Ligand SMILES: Nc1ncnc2c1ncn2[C@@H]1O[C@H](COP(=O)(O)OP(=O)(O)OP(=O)(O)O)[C@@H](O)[C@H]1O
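Just the one chain here, the form predicted alone, laid out as structure tokens.
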């Protein structure tokens, strides 16, 4: 049975045993490298830590595990003890002979049928553009070391549509395609149970299960789920990963959703033949310490100028002239959802688009749908991000980084300030040109109007 015990099963057991506390990334590194036979010096060198610091982390870990499992545990006996502990728990849960367990866990079963589970996935019937992005996702998905792809970007940039279109294009390469939304933030046991129920309904192995997945403990749910990813080639699509991440701080999980860390870690770190692709408004910092081979991240921006022209002129109305198209492209930074909103109101300002572009921009900022989208985006920004945006909004022209640093009231390290500016540039909210920075025109018009409205309300009150 010990042959079946992998490190992710050990981590799941430890996570559950020490709950409600959780392993830090550094603690996980120490446990993983000890499991792989590394010395403290080797792991310190590999992960750029001070050797004494790693020894201290290890010492605290052994004390914690010794109290948790009521047995003296140290660096020397950690591996054999956990192998025996996990193996004994699995033996209690499963009645099959060991040979059958090994066969089930390691077999690469060729499915006779495909199982596509799209739930609330949006239609991609009218999908257009994004050729470069689709090709990038295709190339990454073919990398045997890639376990997870994250597509992040501002509200309305088309993350969900892109990922869904990609999944539909490559669905023939997988035995299963599962599309789930995290916007309703299901508990992790519920999500994994949904996956396992679909597997069990479509597999001959379902008759061998003695009880429904919903009644299993999380460690066994994860173990069974990872085995399914080993047996079958599965494409998992999760929409809205930001729903389980800390607000304005994607380096943590929301309270009550910390268990998702086990789930993502199991998928990324285990050897299997499946792939997870997820969308997120925030780039999840909790995954940044994995290697680039295991986790790949795509920062999605707006359309190309040609795709923008195609969207604006896709209606049956009179085509917009080149000058007007370039104005809309710059003002909206080619964000698909903004483009579609404007396209639906095109007839209201088409006649003045080339003559009074400033008025057009002001009118667009008044559209309710535009305001709702921009407010959603602002809600995901940190206090420093918003302060930078507000200073750029009241600035009459593009300014340098040094000028922008001088304006901000918050006392921030230069590296943190620069990181925040670069983050806003990646999200297309801030435009960088010739080492000077300005705000996306539609956002600038919206915030200026918002500031004036707030000032009037304060005067009146």
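Note that the coordinates shown come from a computational prediction; the quantities given were computed from them, not determined experimentally. Positions refer to the first chain, counted from 1.
Separately, the form predicted in complex with this ligand exists; it is not shown, and the next lines address it.
> Look at the candidate spot formed by 126, 157 and 337 and say whether this ligand comes within 4.5 Å of a heavy atom in all three of them in the predicted bound form.
Per the other structure, all of 126, 157 and 337 touch this ligand.
> Tell me which of 230-238, 81-89, 149-157, 318-326 has residues with heavy atoms within 4.5 angstroms of this ligand in the predicted bound form?
After filtering at 4.5 Å, what remains is 149-157.
> Note which of 178, 303, 263, 225 lies within 4.5 Å of this ligand in the predicted bound form, where distance is taken over heavy atoms; exactly one does.
So the residue touching this ligand in the predicted bound form, by this definition, is 303.
> This ligand isn't shown here, but in the predicted bound form which of 333, 308, 161, 365 has a heavy atom within 4.5 Å of it?
The residue in contact is 161.
> State yes or no: in the predicted bound form, is some non-hydrogen atom of residue 130 no more than 4.5 angstroms from a non-hydrogen atom of this ligand?
Taking the distances in the predicted bound form, the answer for residue 130 is yes, it comes within 4.5 Å of this ligand.
> Verify the contact flag for residue 281: yes if a non-hydrogen atom of it lies within 4.5 Å of a non-hydrogen atom of this ligand in the predicted bound form, no if not.
Although this ligand is absent here, residue 281 would touch it in the predicted bound form, with heavy atoms inside 4.5 Å.
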